[in-house]
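To begin, one chain is listed below as structure tokens, in the form predicted on its own.
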């Protein structure tokens, strides 16, 4: 299978063309195209152009409204709720993020539930702008059920990722984004596409047997990382992203008709904190400087790194080197750009 090399400008152009032709508004397409382009720029293949056919298909099928504008509700001094109105999560995030940051600076801490949304992006993207602006941020989002609870074989939880970001003055922020499952679903899909086996412990087949076959793993159930510990975190994410927001649990959204390969409808919760409000000084300088001593201790040992370091390396390289995608995916994307 040969690859096609693209510049980041070509990535964005393809994303915009496909989304607009599929029925996404200019404003929403701009945000979503930035999500995919940024993912490609940072080497996050599972959330770049790989996602584009799903975005386009679920709009063309009418299951997701690509033109709807999100609605903001100022529910409390520390809560800004964004209703995606059955559209995509990325435009809802973009609409609510400035108000969330404003509230966090005024209150010290603020939250933003996003409801009735279809989330299909890398979760680190959702906290990145907040952390770049000097805030500490969490994000939690659920998906349709793909993951078995500890001791079970039935799909119940979503892959339920969480992201956490910490600002670093003069340096890229420390951000991690990880599923509560042993792997992101997109990683298994990439293994299947590329003809590779998956590691043991990622999934079980439909009969509950351990498998390294990505097709059998996708048909069966994914596994939480760390057994019962990861399952507990998956449950926590369901409760934060859905229990608090009144959206659909993974097993509920799994009952909806979804044959287009796009995202399910669920909820998301963001928490933003102003580090200047937690040290008793009204200034975040000492707080963030103290955190740097921890990072230094981690990096003293050979072989260690901070989360996101690989993304930042890729971010420096791709503007000049471009990115590659499989020829088959490129062909599918070009088909998305046709009326």
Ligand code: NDP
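Numbering follows the first chain given and starts at 1. These figures come from a predicted structure and were not determined experimentally.
This next part talks about the form predicted in complex with the ligand, which is not shown.
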Per-stretch contact check against the ligand in the predicted bound form, the hit in 80 to 88, 205 to 213, 243 to 251, 172 to 180 (non-hydrogen atom, 4.5 angstroms): 172 to 180
Does at least one non-hydrogen atom of residue 120 fall within 4.5 angstroms of the ligand in the predicted bound form? yes
May I ask you to check whether residue 161 falls inside a 4.5 Å heavy atom distance of the ligand in the predicted bound form? yes
Please determine whether residue 31 contacts the ligand in the predicted bound form, using a 4.5 Å cut-off between heavy atoms. no
Looking at the partner-bound form in the predicted bound form, is residue 143 within 4.5 Å of the ligand by any heavy atom? yes
Within 4.5 Å of the ligand in the predicted bound form, heavy atoms considered, which of 27, 309, 292, 283? 309
Residues 47, 124 and 305 are flagged as a possible site; in the predicted bound form, is every one of them within 4.5 Å of the ligand by some non-hydrogen atom? yes
Under the 4.5 Å heavy atom criterion, name the residues of 238 to 269 that approach the ligand in the predicted bound form, in sequence order. none
